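Let's start with one chain on its own, the form predicted on its own, as structure tokens.
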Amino acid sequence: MAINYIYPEFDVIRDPNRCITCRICERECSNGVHIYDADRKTLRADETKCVDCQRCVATCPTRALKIVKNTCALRENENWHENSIKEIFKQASSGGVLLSSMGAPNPLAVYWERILLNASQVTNPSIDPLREPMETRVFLGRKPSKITRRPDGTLDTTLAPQLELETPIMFSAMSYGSISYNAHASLARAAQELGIFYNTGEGGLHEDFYQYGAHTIVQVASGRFGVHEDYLNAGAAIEIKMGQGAKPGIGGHLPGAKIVGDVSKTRMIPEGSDAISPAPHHDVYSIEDLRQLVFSLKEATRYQKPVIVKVAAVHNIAAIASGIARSGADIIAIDGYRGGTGAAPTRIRDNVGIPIELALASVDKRLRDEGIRNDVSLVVGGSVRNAADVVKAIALGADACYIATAALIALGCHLCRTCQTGRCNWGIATQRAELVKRLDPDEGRRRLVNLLTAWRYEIMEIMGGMGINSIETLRGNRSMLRGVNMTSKELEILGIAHAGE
């Protein structure tokens, strides 16, 4: 018999004094952790299958269950960490590439936590957002760089197509297939109620969701899944996905097990076939090629919709963004190193790319230095976790933020990091009907609306404390930021002073 070198990561603790053998945990666990012993009329657990999704803990009516980190550990070694050894065990056993999901968990710098915000005191009074006007509305798209007049002397107020957001936050790309129908329904309904936008991801748009088109961003990725004329015209904007933060430089892969029913129909590929997006767009090998694609999409939509180009945050991101700004794109979306995804090669996720904070600051500076900042809007994502992160991003130069992992957590995600298995116990990253129905779209909509409503109030409170009454005044206002626990080079790239200066 082959030896299993890896001891279970979690222990399932069942209190026999509380357990009433109702078997709810057995029914609720899609991983088969809980097993009923009919002879002894008791429940036991196979900890090797536990991913710590906490579904059994949450649904146990008597609070008889706890999932705890297993204390059985390998010998300490500062070079060979326990996780590194376990990964070698896995690859020696399977011969496969390691897959992971939901963003890089490595203990690298989170610059949001090293940036502090300023507040007004005596000389510049603060503003009470409950009693005074506070503008959180933003418009994304190309802006004029100067005032122009018509031949008759009147102001020319013509603008390129814009996206209007009541709050500077949008739901980032998550494809139908990687997440469930009910998850998409939750995002679409919430976006409509909040006056913002959600992104289809690269899986096309289910026909039921065309009704939310005024609040939808449709994505065009290298696989062109679900892309056709009606799809392009259904949304309020089109996003060209060149890369994403969790896996820069490589394509996408949705396993055939998730290509079922309406997912197959929406993506326009056969059931059971793997949906593989190539690493490059095979018609884009230069900025000139990208420009051709941008204007092809504008032509297909009669120049009525802004075009977004999404790229991963990499070391030469400022130069890349400069080229994109000249390609005719209206908005640049930058996805940082800690961005989440349904599945990414672990080595890529944990080692490729740079933090969004540094990427944003360098891009904003480059575009300003070249005098083309108004030619595009900047949207950033990749572990934007709360309202303070949004405020800091805008002060560093962003026009708005994308959130995805935060939205999924609001829907019930417990970051168990097994999205790629398709057995999400919370009905989010799955296509199994019995699991999908666990997520109520109306409840999901309510929770998402609550989350962003709370964030909007917090954003207004923070801005009011700064003495700022609009997002436009906050954008790129780095004088409101100070750094702590950073090197002089980090402060230079971020363009902020150290705390106390």
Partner chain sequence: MRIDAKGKLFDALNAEISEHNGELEIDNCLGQRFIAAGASAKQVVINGVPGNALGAYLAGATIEVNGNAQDAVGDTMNAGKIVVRGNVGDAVGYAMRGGAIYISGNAGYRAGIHMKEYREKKPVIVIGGRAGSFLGEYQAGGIIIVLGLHKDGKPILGNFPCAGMHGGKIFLRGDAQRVVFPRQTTRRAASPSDMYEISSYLAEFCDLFKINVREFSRDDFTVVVPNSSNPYKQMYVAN
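Residue numbers count along the first chain shown, from 1. Nothing here was measured: the structure is a model prediction, and the numbers come from that model.
Below, we refer to the form predicted in complex with the partner chain, which is not included among the displayed structures.
Residue-level question: is R75 within 4.5 Å of the partner chain in the predicted complex, judged on heavy atoms? No, R75 sits far enough from the partner chain in the predicted complex that none of its heavy atoms falls within 4.5 Å.
Heavy atom of E193 within 4.5 Å of the partner chain in the predicted complex: Although the partner chain is absent here, E193 would stay clear of it in the predicted complex, with no heavy atoms inside 4.5 Å.
With heavy atoms only and a cut-off of 4.5 Å, decide whether H253 touches the partner chain in the predicted complex. Looking in the predicted complex, residue contacts with the partner chain include H253, since a heavy atom lies within 4.5 Å.
In the predicted complex, does D375 come within 4.5 Å of the partner chain, counting heavy atoms only? No.
Among 363 to 371, 277 to 285, 404 to 412, 388 to 396, the region lying within 4.5 Å of the partner chain in the predicted complex by heavy atom distance: Looking at the other structure, the answer is 277 to 285.
Out of L116, A234, V227, A318, which one falls within 4.5 Å of the partner chain in the predicted complex, going by heavy atoms? Answer to the contact question: V227.
Just one of S100, S383, Q431, N182 has a heavy atom within 4.5 angstroms of the partner chain in the predicted complex, so which one? Checking each option against the partner chain in the predicted complex, the one that comes within 4.5 Å is S100.
Mind listing which residues of 406 to 424 have a heavy atom within 4.5 Å of the partner chain in the predicted complex? Contacting residue: only Q420.
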